[in-house]
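The chain that follows stands alone, in the form predicted alone, written as C-alpha cells.
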C-alpha cells in the first residue's frame, strides 16, 4: 500500500540537513534507510515515467532556467534560446540518458553511493561539472514529474521523491569532497 509510512517519509525528507544526518548511518555500506512507502513510491514514479518525455523536459527546463548550466553542453550546438534548446535533439537524448542512469539508483537504493562512484569521478575529474548542477536538475525533474502527476503528486510522494533525488545528488557529488 502506497500510503503506509507516509509520516516517516515526511519526517526523513525535510531537507538537506536531515538527509545528511540520515546518511551518516552507522550500518556498514548503508547511505540512507528507506521506508516501505518510500521504496514503493520511487518504484511507482519510475515505472509510470515516460523517459522520452520527462528526461528531455527536465533537462530543457534546467538549461533554460539556469543558463549557466549550458557551459557543459558546448558540443551540443545551438543553445542560444529556449526554442533552440527545446528543438535540440542532442539535449533531448541526453535527458533520456540521465533518466536511464537514474534507473541504476532505483535498482540499487541501498547502495546508491557505490552505484554512482564512477559517474561521480567522471563528472568531477573529467567533465568538471559544478556539483550544484545536479541539485538544479533534480529540482527541474521534480517540477516536470509534479506537472505530469497533478493532484496525485501529494506532499508525501514529493517527500519520498525528493529524498531519493537528494541521495542521488549527494552520491554524484561525493567525489568533490
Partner chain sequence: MSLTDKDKAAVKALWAKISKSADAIGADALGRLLCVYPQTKIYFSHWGDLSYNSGPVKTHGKKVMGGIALAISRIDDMTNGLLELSEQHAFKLRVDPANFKLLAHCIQVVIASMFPNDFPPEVHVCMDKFLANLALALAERYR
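Positions refer to the first chain, counted from 1. All values reported here derive from a predicted model rather than from experimental measurement.
Same protein, other form: the form predicted in complex with the partner chain, not shown, and the subject of what follows.
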In the predicted bound form, which of the listed residues (42, 109, 54, 64) lies with a heavy atom within 4.5 Å of the partner chain? 64
Give a yes or no on whether each residue among 73, 99 and 167 has a heavy atom within 4.5 Å of the partner chain in the predicted bound form. no
Using heavy atoms and a 4.5 Å limit, would one call residue 87 a contact residue for the partner chain in the predicted bound form? no
